[in-house]
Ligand SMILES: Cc1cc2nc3c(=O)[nH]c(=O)nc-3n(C[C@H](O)[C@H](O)[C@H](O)COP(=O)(O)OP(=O)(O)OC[C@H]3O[C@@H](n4cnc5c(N)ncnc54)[C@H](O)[C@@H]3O)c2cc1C
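One chain comes next, on its own, written out as structure tokens in the form predicted alone.
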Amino acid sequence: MIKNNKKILVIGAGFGGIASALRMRALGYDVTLIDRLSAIGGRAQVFNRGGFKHDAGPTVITAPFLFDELFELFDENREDYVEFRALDPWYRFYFHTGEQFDYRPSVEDTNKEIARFSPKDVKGYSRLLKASQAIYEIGFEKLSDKPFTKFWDMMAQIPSLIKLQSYFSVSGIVNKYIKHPLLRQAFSIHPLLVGGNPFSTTSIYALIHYLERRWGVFFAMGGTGKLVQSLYDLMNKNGVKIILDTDIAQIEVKNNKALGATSTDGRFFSADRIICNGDPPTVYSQMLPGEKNRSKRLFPEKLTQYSMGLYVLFFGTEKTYEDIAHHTIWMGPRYKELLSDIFDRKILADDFSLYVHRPTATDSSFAPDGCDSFYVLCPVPNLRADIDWDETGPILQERIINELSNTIMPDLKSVITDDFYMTPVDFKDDYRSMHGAGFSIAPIFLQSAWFRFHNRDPHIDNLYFAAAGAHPGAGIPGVLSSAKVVESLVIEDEKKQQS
């Protein structure tokens, strides 16, 4: 590690902020990581209620090498800190028809599952994987950790983007190869993991199919909270200063240079460079009020499209549900129409689809003996919708419990315990997420690459973004790659200053 006296201030301790802090520390900077919550991790908080443990945020680990890299920066092995355990099945889909489809680690096993629904789609899935691999090799390997701070950077990739048919949606690409309606749902669901509507999210995100095939789907034993704690230990061991329970009110700028940031309690934190892990729209409108119209977004705020909101129900059960997989996607009777209600019409429909997380399928430490721990995520409209969550929250909770009790979790109503929930209001209040959106701005084509918030501000040369709303996008692989982009920009900027 090369030591220097320059200070880096990282605002926000989500995965993008943690990765940025570690990468900057490995470059020798004096690094301070600051967050408004009482624990690092951003949305990856941990709740403990009645002996049940709940990961509050991301639960799926893909592209594990991106975490491995952070430990390798300091000649450490991630395996010495936290175990990533491979899952099988990756996801279990439960359809409204009562049918189930297991998406499994081996292609052969997945093909057997596909054949139960539609033998003809086995060949279609093979073609989908080949298409996904082609997208992955360009969209992830070549573009995800490259900055798009100049329009011509993106224009140079236009031939590749056209070749990959990025003007299509993920659903459009999937439907090209898969014909069975239920399998089409299963194989187009991935954009929802990063806050996008499969029918409008650019087909670049179809790379997730091959990303999973290439690297697998894992669970961090002890939970995402254990992974966050491991990263905390790594930072603490290597001299990253961590300041919690401190909210930033404003980033101080003079002559197009960030000088530092002032907290809501009046403390000033000076810095030579600032990296924001917060939601970029929030940073520009609330922490940089004088700069909000200079962020070089294609669309003004009122035309910007945001990801959906999230309603997350947590509970324990006084019995175990052995037939429930670690990850279950519970699909309601409608698909495209429901997504249109959520993303376009901004209404809370009577029906819904759910993601059910049962960590006790893999790790018994999440619940007392003979019990299970659950986290149920329901996509809902963000706060641009006219929904009173004080009134609606308990109603939606009851509806979800009733539907699960009537389908995959019999007797749930009689064994549920220690239940509570989060709404988009909590995402806005706890994480300063604009409109309570679960994943910042939506991953449509005109909000991707150069059109997304830049990783370096166009006017403030020493202000950077490693966040879901910046390039390349949301999701754990996205924000970890965003930190890599920032690292490359800082190195580039240092070289310019020295020349």
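One rule holds for the numbers: they count along the sequence shown, beginning at 1. Worth saying up front: this structure is predicted, and the values here are computed from it rather than measured.
The form predicted together with the named molecule is left out here; the points below concern that form.
Proximity to the named molecule in the predicted complex, taken as a non-hydrogen atom within 4.5 angstroms, holds for one residue of Tyr375, Tyr136, Phe101, Phe219, which is Tyr375. Checking Asp247, Asp109, Asp233, Asp351 against the named molecule in the predicted complex, a heavy atom within 4.5 Å turns up for just one residue: Asp247.
Partner contact region in the predicted complex: 460-468, out of 460-468, 23-31, 46-54, 441-449, criterion any non-hydrogen atom within 4.5 Å of the named molecule. Site residues Gly14, Arg432 and Gly475 are all in contact with the named molecule in the predicted complex, judged by any heavy atom within 4.5 Å.
In the predicted complex, at least one heavy atom of Gly278 sits within 4.5 Å of a heavy atom of the named molecule. Proximity of Leu66 to the named molecule in the predicted complex falls outside the 4.5 Å heavy atom cutoff. The named molecule in the predicted complex is not approached by Val485, whose heavy atoms all lie more than 4.5 angstroms from it.
Gly42 belongs to the set of residues with a heavy atom inside 4.5 Å of the named molecule in the predicted complex. Within 4.5 angstroms of the named molecule in the predicted complex, the stretch 55-83 places a non-hydrogen atom from each of Ala56, Gly57, Pro58, Thr59, Val60, taken in sequence order.
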